[in-house]
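The chain below stands alone, shown as structure tokens; this is the form predicted alone.
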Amino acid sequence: MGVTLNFEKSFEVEGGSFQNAGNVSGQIKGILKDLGVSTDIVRRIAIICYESEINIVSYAKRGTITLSVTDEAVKIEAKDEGPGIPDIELAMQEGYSTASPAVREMGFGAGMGLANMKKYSDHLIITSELGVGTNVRMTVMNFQKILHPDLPQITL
């Protein structure tokens, strides 16, 4: 039987800091590779993290992205202190965006962020309070570890 995998780390994200956008996603991608997570899951988590990070940078004052990895799943929680989402169902539609013209001029705000987070997650839960912020919890099941429990695993 392999060693149990149990890892968690949080990263701060500064709103409006487009020059640093993508740094947290890159760090998380590197951690997952070091932990031996399958390339398919690393790719899915990298997309989820990048979209989460861009949303925080584009809309919020600040936020936190937390990575949790176990044998069964990789979880990402993106919490922000921002304006909140008035209509989550509408915000989930591909192409819907409330990004400012300045954000769009930089190439962001195409309205694919939440849709991509849902597309690449096995489970997604969004809660939001107007004037307070938004919390997006996403899970990607680590099927490789479930199907092959004798694969080498790392304890941190």
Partner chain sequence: MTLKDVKEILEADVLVGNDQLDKPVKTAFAADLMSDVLAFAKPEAMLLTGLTNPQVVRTADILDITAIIMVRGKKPTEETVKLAEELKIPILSTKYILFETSGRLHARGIKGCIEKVGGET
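Residue numbers count along the first chain shown, from 1. No experiment lies behind these values; they were computed from the predicted model shown.
Below: the form predicted in complex with its partner chain, not depicted.
The stretch in contact with its partner chain in the predicted bound form, judged by heavy atoms within 4.5 Å, is 111-119, chosen from 83-91, 111-119, 126-134, 60-68. Heavy atoms of no residue among 7, 35 and 79 are located within 4.5 Å of its partner chain in the predicted bound form. Contact with its partner chain in the predicted bound form, judged by any heavy atom within 4.5 Å, is made by just one of 41, 99, 31, 47: 47. Residue contact check for residue 22: one or more of its heavy atoms lie within 4.5 Å of its partner chain in the predicted bound form. Residue 11 falls outside the set of residues with a heavy atom inside 4.5 Å of its partner chain in the predicted bound form.
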